[in-house]
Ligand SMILES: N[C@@H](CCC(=O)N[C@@H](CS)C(=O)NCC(=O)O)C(=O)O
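Shown below, as structure tokens, is a lone chain in the form predicted alone; questions about how it binds or moves come after it.
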């Protein structure tokens, strides 16, 4: 039986969500880099795997899957290891709600609106587009406030680790490294405590991007 394959760059937040899930399930996976900074995601080979030219893509015994939330659910259900989805309907619904909030509201504002402008500026040796970042801050704050309000346990969806935690952790890690993220997180005590717990997990340390 061959190892599954994960396509995408290790610096991608969503690729890291998959890597975290694999690490928590103790699944050995082969990695194939797709450098989106070099445009590899728009080349024919990758478009054959993902028609929208995004990352990650996951392949397991000939079964090819894209969309991060679908991939991490599949990994949890297809492989042995600790269950990463709550067993009760309410818990699963809360986890799925967090996944939707992360994809629809957190990632677009925190990563696209704030982290990437800082990253591009640092990479090019220029100043970040402060106007664009400032425009994204209110929506990022709204997303964090909504997640703070939903938070009821030690982890996002309850008392145990779930896919919601693994989906948000890479976004949180990048976002907290920006001045805007550090400021906004100062107003979310429950999420701040959550990150203090999450950041010490071996899977977080093992998948940290260089």
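In this text the structure is predicted, and so the values were computed from the model without any measurement. Numbering follows the first chain given and starts at 1.
In what follows, reference is made to the form predicted in complex with the named molecule, a form of this protein that is not presented.
- In the predicted bound form, no heavy atom of residue 49 sits within 4.5 Å of the named molecule.
- In the predicted bound form, no heavy atom of residue 159 sits within 4.5 Å of the named molecule.
- Taking the partner from the other structure, the named molecule in the predicted bound form has no heavy atom within 4.5 Å of any heavy atom of residue 98.
- In the predicted bound form, the named molecule lies within 4.5 Å of some heavy atom of residue 54.
- By the 4.5 Å heavy atom rule, the three marked residues 42, 68 and 107 all count as contacting the named molecule in the predicted bound form.
- A single residue from the set 198, 13, 23, 191 has any heavy atom within 4.5 angstroms of the named molecule in the predicted bound form; that residue is 13.
- From the list 55-63, 142-150, 24-32, 175-183, the contact stretch for the named molecule in the predicted bound form under a 4.5 Å heavy atom rule is 55-63.
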